[in-house]
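One chain comes next, on its own, written out as structure tokens in the form predicted on its own.
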């Protein structure tokens, strides 16, 4: 479903991705692992179009992104491609990014209403179903300040799923959580994996990799240094 071909990305003189080529299959869960600064999160952001790259190409279900200058404004065609890719590949960020003035239910409803044009009643019903799926029906009316870290992350996952993406890109979804909250989020991810949701997951948590991933890729100094079964790569 996702193909990365020869992607190179540098910040000034520091090369973060050094000609990375890798393919991700539909319906599989792939964990990106490796030392900090190895390029994992940057690769995820390049796939989603949040980070522009210097050379190579990214293809998401037939939609192609090519290299572009960080200082150049994207043209109309590129903006349309970026929008389509972000609808296909939903992003779940490390630090949640929930709207503080909205309840959990409203956070999940927001994008379908304003991006997809879903009627409010339909978006509300779907949001309630997704919060139930991540075990948060009882917290639907709570505001972010009233939620634990694990609850924040589960709302963020429900919010990404509300756009009906074909893949989820998750950037260290358990890194800021205590052990109990990590277990909560891992259970949700395991349930999604069991349902055949395509996921690409950046993590430092070997237990998460062992529990939910079909495949692990290790990035070091911007290059793929290992790719295979999680037990072998770990």
Partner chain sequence: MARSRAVLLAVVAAIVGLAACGRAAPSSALERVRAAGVLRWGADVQGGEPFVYGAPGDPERLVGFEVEIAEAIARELGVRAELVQNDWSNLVPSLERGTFDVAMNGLEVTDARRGRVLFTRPYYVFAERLMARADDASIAPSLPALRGKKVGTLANSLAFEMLRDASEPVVYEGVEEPYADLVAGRTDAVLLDDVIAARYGAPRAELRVVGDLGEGYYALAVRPSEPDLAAAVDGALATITASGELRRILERSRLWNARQDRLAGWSAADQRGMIGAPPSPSPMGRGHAALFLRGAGVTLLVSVLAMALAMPLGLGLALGRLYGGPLLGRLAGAYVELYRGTPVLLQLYLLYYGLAPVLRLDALPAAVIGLGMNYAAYEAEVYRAGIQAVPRAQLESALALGMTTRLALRRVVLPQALRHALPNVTNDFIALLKDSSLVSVITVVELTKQMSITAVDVRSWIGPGIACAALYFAMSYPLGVMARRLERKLEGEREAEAAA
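Keep in mind that what you see is a predicted model, and the values were worked out from it rather than measured. Positions refer to the first chain, counted from 1.
Same protein, other form: the form predicted together with its partner chain, not shown, and the subject of what follows.
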Please run the contact check for residue 135 against its partner chain in the predicted bound form: heavy atoms, 4.5 angstroms, yes or no? no
Do residue 140 and its partner chain come within 4.5 Å of each other in the predicted bound form, heavy atoms counted? no
Examine residue 122 and determine whether its closest non-hydrogen atom to its partner chain in the predicted bound form is within 4.5 angstroms. no
Check whether residue 52 has any heavy atom within 4.5 Å of a heavy atom of its partner chain in the predicted bound form, and answer yes or no. no
Which one, 118, 130, 160, 105, lies within 4.5 Å of its partner chain in the predicted bound form by heavy atoms? 160
If you apply a 4.5 angstroms heavy atom cut-off, which residues in 103-119 are near its partner chain in the predicted bound form? 110, 111, 114, 115
